[in-house]
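Just one chain follows, in the form predicted on its own, and it is written as structure tokens.
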């Protein structure tokens, strides 16, 4: 009996040990941020927060929690994003619902929101009209609406699953569901708008296949921007010019080597004041243009 008791005692892991185990397993195949990933998954398995987990590392892990956590770690090690496993992703300090129907919001996309807000006029008597295309989870449009409650917001996406996720986030964070339209670029959208934002698919097709081949389950429709990653920008710029009010702004996220090409497409569509904004890592991230 004493031997059995000793074996059970040795088998019980502390939170610290479980975290190290998960970090090692994830890091072997996903070396980007294994400690962060493991701690988020362990907190999720515990039904706690990451801060509480890190403050309780000497405590033992219940067997049921450890089994759940190890299963989550295996999913992450196989390539599934932590956000898909937990169903949540923070963006600009707010939790957004995410699943495999939408891209996981990236910190880089916060630059799109900040840049777009900087191009808006101060609140006035007339509501600002904002449209967010390729809305996905809705993180961009919802963040804009929360920052500018005087704005009238609409959103669009070609994929019905993405529109459903966006609607759930609108209800959770805005308390209402604004118009969410079925549209390829802006083809199904009417104007005029004072601001149009878009985070279109801009990954080259070959890189998209490589990403998906390494275990990512993000939707190809939201990633694949064609052979050069620029397939959506020409139509988007042309359609936006017809749907913006005079002085209105188009702000789009880009890949970090696409600024010159996207700026040329903006120029060709007739935009003025075409500018590029870099992200915190110094990479080109957002191109903006204003309708004359």
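For clarity, every value in this text was computed on a predicted model and none was experimentally measured. Residue numbers count along the first chain shown, from 1.
The same protein also has a form predicted together with a small molecule, omitted here; what follows describes it.
Three-residue candidate spot 145, 152 and 179; no residue lies within 4.5 angstroms of the small molecule in the predicted bound form by any non-hydrogen atom. Residue heavy atoms within 4.5 Å of the small molecule in the predicted bound form occur in exactly one stretch of 88-96, 155-163, 170-178, 101-109, and that stretch is 101-109. With a 4.5 Å cutoff on heavy atoms, residue 193 does not count as touching the small molecule in the predicted bound form; it lies far away. Taking the partner from elsewhere, residue 202 is found to have a heavy atom lying within 4.5 Å of the small molecule in the predicted bound form.
The closest heavy atom approach of residue 222 to the small molecule in the predicted bound form falls within 4.5 Å. Contact between residue 253 and the small molecule in the predicted bound form is found at the 4.5 Å heavy atom cutoff.
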